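Next up: a single chain in structure tokens, the form predicted alone.
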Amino acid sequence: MLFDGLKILEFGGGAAGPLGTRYFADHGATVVRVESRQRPDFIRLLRYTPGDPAGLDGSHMFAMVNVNKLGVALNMSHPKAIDVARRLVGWCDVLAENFAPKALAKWGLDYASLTTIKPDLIMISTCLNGQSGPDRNYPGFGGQGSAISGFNHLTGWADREPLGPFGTITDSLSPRLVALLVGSALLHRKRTGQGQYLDLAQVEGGVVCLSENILSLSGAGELLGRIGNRSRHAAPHGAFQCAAEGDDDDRWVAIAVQSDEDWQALRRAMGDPMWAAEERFAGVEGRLQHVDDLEKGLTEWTRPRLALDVVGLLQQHGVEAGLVSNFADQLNDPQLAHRQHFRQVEHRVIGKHLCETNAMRFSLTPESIRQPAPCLGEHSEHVCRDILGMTAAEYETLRSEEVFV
């Protein structure tokens, strides 16, 4: 596999850090994830309720994010747990963490200290604002990151409050950047023998993805804002409701007409209704000026038709169109099925469940789902004895001292 032999040590929680290491785990890397029952990963708590027999091991989100990893429980308030963590640093190639700044430093696990143990260590930190600057110590997650980086300002309707994108967008962007940066650092180390420290600010990663807005403001003095699903340059452009399917009246198709040629193709697909032939819709400027009437006419055409029928017909005519999928659609999607995007894994607490693969496919080194996400501390003994070489007596002593909780 592509990353056979690569060893990654992971501290942190949520999705921003752990999804980044998944790229490597799915392609053969050994990823050891450090956790603690004292302060469990918050996504373990998304399902947990007092008395739930699944406890901290019943979170489906945690199970989705952390397949192919080993789990070690270390009570980092115990000095001997810090010693174990330092031994793991000596073993690993890469240390990935997404705690707030200073969290690792208080345990003596900052990069400067760790390079005395592992001079060629690659370490990446990804937190909300990065490790420097006046806001570096402000802890936060993707909800704040979405707002601070500008996504919320752009998401919603012009006459209403910002909605923000669904989910935590910077938590979804930063893992991709983590994987790219770590891959680059590994190439650098292969050429030079040098490790390095990588400081990724989630907010800045989000800002980079909104470059059109930066150019519009700095180049033209225009501050872009919310316009719903519409485009400033094309019409029609948006989501249009279709016929109900059974009890489901929430069926939509996304349609984007980028040019006058696309508009003519859409007219042909619709059977060239009289309203579409009006001169005011002939050019893009007219369609943008009369967008309300344009969208009304298009909705009258889509509303009685099934969404997949609309998509098929428009695509046959060369019009950009796609189903606004729900998750049931995705599970039945033939394209995703062909690429085996969803794979089945069996978790010892949750049972059989689907997990996602990453979107990349390497022809010579395919990815694999080899094992489910770890229960909390599931592999503590295996990692300590088989990877770090502890004796049975040493491990039992540390266990009895509550190092592995």
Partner chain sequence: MLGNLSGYRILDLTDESGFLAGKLLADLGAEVIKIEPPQGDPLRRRGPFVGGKSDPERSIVWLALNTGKRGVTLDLTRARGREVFCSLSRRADAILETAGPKDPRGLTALGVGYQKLRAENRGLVLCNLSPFGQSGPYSGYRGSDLISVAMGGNMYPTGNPDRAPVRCSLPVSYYHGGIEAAIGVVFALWGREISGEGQVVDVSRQEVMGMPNMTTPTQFPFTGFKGGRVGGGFRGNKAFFRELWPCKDGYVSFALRGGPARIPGILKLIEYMDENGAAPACLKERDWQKYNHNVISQPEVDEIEAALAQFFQSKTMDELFATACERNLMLAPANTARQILSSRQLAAREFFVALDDPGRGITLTYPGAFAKSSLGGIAVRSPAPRLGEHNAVVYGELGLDVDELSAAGAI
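It should be emphasised that the depicted structure is a prediction, and the values quoted were computed from it without experimental measurement. Positions refer to the first chain, counted from 1.
Just so you know, the form predicted in complex with its partner chain exists too; it's not on screen, but the next bit is about it.
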property: Contact stretch among 280-288, 73-81, 298-306, 135-143 - heavy atom within 4.5 Å of its partner chain in the predicted complex; result: 135-143
property: Candidate site S211, R232 and E356: all three near its partner chain in the predicted complex by heavy atom within 4.5 Å; result: yes
property: Contact residue in the predicted complex, chosen from L104, A85, L266, L186 - any heavy atom within 4.5 Å of its partner chain; result: L186
property: Its partner chain contact at Q258 in the predicted complex, heavy atom, 4.5 Å; result: yes
property: Its partner chain contact at N98 in the predicted complex, heavy atom, 4.5 Å; result: no
property: Close approach of G246 to its partner chain in the predicted complex, 4.5 Å, heavy atom; result: no
property: 4.5 angstroms heavy atom contact with its partner chain in the predicted complex for W275; result: no
property: Its partner chain in the predicted complex - contacting residues of 11-43, heavy atom within 4.5 Å; result: A15, L19, Y23, F24, H27, R39
